[in-house]
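Just the one chain here, the form predicted on its own, laid out as C-alpha cells.
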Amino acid sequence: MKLRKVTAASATVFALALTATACGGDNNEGGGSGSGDGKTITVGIKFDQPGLGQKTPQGYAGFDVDVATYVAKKLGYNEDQIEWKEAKSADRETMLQRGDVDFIAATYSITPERQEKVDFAGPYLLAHQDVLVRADDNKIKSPEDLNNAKLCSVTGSTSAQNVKDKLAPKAQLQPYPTYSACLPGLQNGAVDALTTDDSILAGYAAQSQFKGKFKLGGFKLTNENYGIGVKKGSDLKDKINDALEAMVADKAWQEAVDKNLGPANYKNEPAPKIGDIKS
C-alpha cells in the first residue's frame, strides 16, 4: 500500500508538471505581442558603447538600456523579465527578421534603406556626427580646422573618411581598430580628434577615467535619428511609440540623458516628436 501511495503521488506531480509545461510552453518569449503575458521579452542593445549600451560586471547600463527598460515596463515586463542580446550593427536587421529579439535599441539610425527591411518606433534621440578633442585644445573650432590634423579612423567606420572627403581634405587619417582604442591616443596626442555620433562620443568621454579630459566640437555634421527597430508589421511599433511619449512626458527621458551622457557636457537636442525624422 505504501508503494502505491508514493506512486500515485508521483503520478500527480508528474501530471502537474506536464500541465505547467503545456501552459507555459508558448510564453517563454515576449513574442512581439507586447502584452507582458510571456515570461520574458528579448531586447537587442550594444554591449560595447559606454553611456549608451554596455555590458558591465554589474549588468547592463546606458541611455539605450534605460530607454529599453522603460519601454519594456510599459509593455508589461519587469526589469528581471528582460533578456538582453548583443545587437551588432551589421546584425540588427537580420535579428529582427528572424525573430531573435522583440525590439532593438542600439544607436539604430532610421534610414530609408533600413525601413525597407524593418519598422521603427520613434525617433527617441536626435544625434549628430561630431568630433571629440582634448579639453585643452582650442585649435579645432570648425570642421575645416581638421585640415592637417590627425583624425582617428576606426576600422569599419566611414565617419573619418567622410570628413576627409567632404570637409577637410588635408586631414591625416590614423587607423585604429576601435573607438575605445582611439581614446588613449587622443589623450596622449597621437591623434588630434575622433569623429562619430556625438552621443557615442559623449558616452566614451563620460567614463570615469576620462572625465574632464575631452570635449565635443559641437559641429553637427549630420542628423542621426535613433529609432527602436521592430520586425516589419509588428504591432509593437505603436505600443513602443506610446511608451516613448510617456517617457518624455514624465521627465524620465531627460533624466536618462543627463545621467548617462551629461558628464561629458553633452548638449542634447530636445526629445524628438514621434515620426519627426530630420534629414
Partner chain sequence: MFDFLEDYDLLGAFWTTVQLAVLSAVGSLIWGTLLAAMRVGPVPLMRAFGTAYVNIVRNIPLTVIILFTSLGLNQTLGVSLGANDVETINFRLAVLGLILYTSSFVCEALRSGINTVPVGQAEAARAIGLNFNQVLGLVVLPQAFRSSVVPLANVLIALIKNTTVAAAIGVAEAAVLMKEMIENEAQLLLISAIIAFGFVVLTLPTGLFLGWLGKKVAVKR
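In this text, rigid core is short for the largest set of C-alphas that superpose within 1.5 Å between two forms. Computed from a predicted model, the values in this text were never measured in an experiment. Positions refer to the first chain, counted from 1.
Same protein, other form: the form predicted together with its partner chain, not shown, and the subject of what follows.
**Student:** Spot the stretch among 150-158, 132-140, 76-84, 199-207 with residues whose non-hydrogen atoms come within 4.5 Å of its partner chain in the model of the complex.
**Tutor:** In the other structure, the partner sits against 150-158.
**Student:** Please determine whether each residue of Thr42, Tyr60 and Asp276 possesses a non-hydrogen atom within 4.5 angstroms of its partner chain in the model of the complex.
**Tutor:** No, none of Thr42, Tyr60 and Asp276 comes within 4.5 Å of its partner chain in the model of the complex.
**Student:** Sort through Val191, Val101, Val71, Leu146 and report the residue having a heavy atom within 4.5 Å of its partner chain in the model of the complex.
**Tutor:** Exactly one listed residue reaches within 4.5 Å, namely Val191.
**Student:** Using a 4.5 Å heavy atom cut-off, state whether His128 contacts its partner chain in the model of the complex.
**Tutor:** No, His128 is distant from the partner.
**Student:** Any chance Glu93 has a heavy atom within 4.5 Å of its partner chain in the model of the complex?
**Tutor:** Output for Glu93 is yes: heavy atoms within 4.5 Å of its partner chain.
**Student:** What residues in 168-193 sit within 4.5 Å of its partner chain in the model of the complex, counting heavy atoms only?
**Tutor:** Those in contact are Gln172, Leu173, Gln174, Pro175, Tyr176, Pro177, Ala181, Gly185, Asn188, Ala190, Val191.
**Student:** With both forms fit on the core, is the shift of the CA atom of Thr155 between this form and the one not shown 2 Å or larger?
**Tutor:** Result for Thr155: yes, a 2 Å-plus shift.
**Student:** Cα of Pro112 displaced 2 Å or more between this form and the one not shown, core superposed?
**Tutor:** Shift at Pro112: below 2 Å after core fit.
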